[in-house]
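This document opens with one chain alone, in structure tokens, the form predicted alone.
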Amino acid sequence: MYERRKDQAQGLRDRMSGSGRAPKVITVASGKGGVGKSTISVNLSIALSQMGKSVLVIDADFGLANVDIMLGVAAKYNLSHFLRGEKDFSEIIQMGLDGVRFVSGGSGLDELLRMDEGQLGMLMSGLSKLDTDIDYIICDAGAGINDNLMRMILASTETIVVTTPEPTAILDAYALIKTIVKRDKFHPIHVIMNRSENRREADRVLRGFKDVMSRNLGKDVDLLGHVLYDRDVPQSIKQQTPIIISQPDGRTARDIKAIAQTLLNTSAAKDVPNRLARLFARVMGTR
């Protein structure tokens, strides 16, 4: 059994190291719920697609998945079909809006909430076998801090932490970044300030947050930008049409597009094949 696992892990490493081009795998997370993380994930993915990038969204908010709803697409298959062995990973990928492909997490599925490291390894293995035309894999993760989230973050190329100016959201974002830094101090972390009242507040809070990270954790986080509060965003969610599509010239769309451009300019980590292979090797009991 051990030799079979070792062969499987080595085979995965060989396939991935032989790939001439690997996608950037970005986990979008938040210290607490209700900060607009999924809204940012979906609209950012569409912005990247509109900029000519090939994007796949993985709804990794296990048990509370809603990316398919936000994209206005009825998901026929979800991650549970793959984890049960009923479908290959490529078969659960569906087409959303503006060329963005997505994988549904399956809302309310308790089995996904109980996903163990072996199942997460299956997910990472499925990602490793995707066609190499994908530029970005955006993983919309659940809020809070748990083992599954940390495994996913540490297997990603980089992480985006979404927060708001509210003190509780700032404290929870700090706790999440502190946990990441304890596991891997070199893991690239970006921050987006959502639902700010005005640009002055957003800039002030972002700069203060960056200073605290540097002073207390010795971590230099990238500030991707901010998205101002927009009362039209909840309406766009109700209409199942992302605001970057329903109001392409609005201020929220402009903010999201600016963040996407900054991400393209600052995203520098390039070792996703090695990260995925290392995670899979640990799952398979090898080094």
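Since the structure is predicted, the reported quantities are computational estimates derived from the model, not experimental observations. Residues carry their position along the shown sequence, with the first being 1.
In what follows, reference is made to the form predicted together with a small molecule, a form of this protein that is not presented.
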Residue contact check: residue 248 to the small molecule in the model of the complex, 4.5 Å heavy atom: no
Residue 234, heavy atom within 4.5 angstroms of the small molecule in the model of the complex: yes
Contact test in the model of the complex: residue 191 vs the small molecule, heavy atoms, 4.5 Å: no
Contact test in the model of the complex: residue 187 vs the small molecule, heavy atoms, 4.5 Å: no
Region of this chain that lies against the small molecule in the model of the complex, out of 47-55, 26-34, 214-222, 258-266 [heavy atom, 4.5 Å]: 26-34
Heavy atom within 4.5 Å of the small molecule in the model of the complex - residue from 169, 92, 100, 143: 143
